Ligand SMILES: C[S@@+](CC[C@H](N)C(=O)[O-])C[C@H]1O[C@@H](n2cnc3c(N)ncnc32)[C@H](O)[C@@H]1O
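One chain comes next, on its own, written out as C-alpha cells in the form predicted alone.
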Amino acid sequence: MDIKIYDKLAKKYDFMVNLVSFGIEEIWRRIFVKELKKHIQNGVLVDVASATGKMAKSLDFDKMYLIEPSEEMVKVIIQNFKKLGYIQDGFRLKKNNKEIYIIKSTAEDFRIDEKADLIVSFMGIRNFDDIKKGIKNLDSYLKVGGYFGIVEMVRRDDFLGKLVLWYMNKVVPFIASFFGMKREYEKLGESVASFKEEDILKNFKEYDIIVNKSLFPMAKMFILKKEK
C-alpha cells in the first residue's frame, strides 16, 4: 500500500468515493452491514484499513479497534467520531459505554491485547502489502466462532467487468485530475485489474463460508466463520 496516496486523499476521500462510484460504494456498505447484523450484533470489532471510519460508524459496536496506516486518515477518523460526541484521549475515544481504539498500523503488523468477535475489511484487502501475512495476522486476533466480513472489488472478465475496468482506468483518473489526484486513481484502477476472488478465498480454507454474494457491478461480499 502506498500510504502517501491515502494521506493525500484523506480529507476528500468520502467525497471522491461517492463521486466516482455514483454512490454505489455506500449502497454496498449498507448491504454489508445489514448482512453482518444477521449473524452478529455486538461485541469486539476490528475494522482493518478503516479509512475515514464509516464502516465502524455503521456497525457501532461497543468496543472497536480501527486499524489504519495513514496518519491523515487517522486525523479524519478522530474528527468524525468527535462530531458524534466521542471524547478523545490520545488514540482512544469514548462515549458512554462505547470505546474506540485507533491503531496507526497495517493488517500485517498491528497488535492488540484481546481477540475480536468480528473482523471486517471493506474495500481494504486488495491494498494489503502482503495479503497472506495480513490475513494470517488478523486471524490470530479472531475468536473461534467469530466472523470475518469482506467486501472487495475483484476482476471479472465478462462485458460488464471490462466496462467497469475501462471506466476505472480511463474515466475515473480523468475526473480525479480536476482534484489533482489523477495518478492516485490510476493506481487504484490498476489494483482492481489484477485482483481475483481466489486471491481472497485461498487464505480462508479453514473457515466456513456463510455468505458469498456478488454486488453489482463488480464486487464480492464474503462472510466467513472461524471454526477452529
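On a predicted model such as this, the values are computed, not experimentally measured, just so you know. Residue indices: 1-based, along the sequence shown.
There is another form of this protein, the form predicted in complex with the named molecule, and it is not shown here; the text below is about that form.
Taking Phe148, Phe81, Tyr141, Phe128 one by one, only a single residue has any non-hydrogen atom within 4.5 Å of the named molecule in the predicted bound form, and it is Phe128. Between the options Met168, Leu59, Ile200, Ala49, the residue in contact with the named molecule in the predicted bound form by a heavy atom within 4.5 angstroms is Ala49. The closest heavy atom approach of Tyr13 to the named molecule in the predicted bound form falls within 4.5 Å. For the chain shown alone, Lys63 is not a contact residue for the named molecule in the predicted bound form, no non-hydrogen atom being within 4.5 angstroms. By the criterion of a heavy atom within 4.5 Å, Lys182 is excluded from the residues contacting the named molecule in the predicted bound form.
Among residues of the shown chain, Leu93 is not one whose heavy atoms approach the named molecule to within 4.5 Å in the predicted bound form.
Look at 34-42, 65-73, 172-180, 189-197: in the predicted bound form, residues with non-hydrogen atoms within 4.5 angstroms of the named molecule sit in 65-73.
Shown here without its partner, the chain carries Arg29, Thr106 and Met123, all of which come within 4.5 Å of the named molecule in the predicted bound form through at least one heavy atom.
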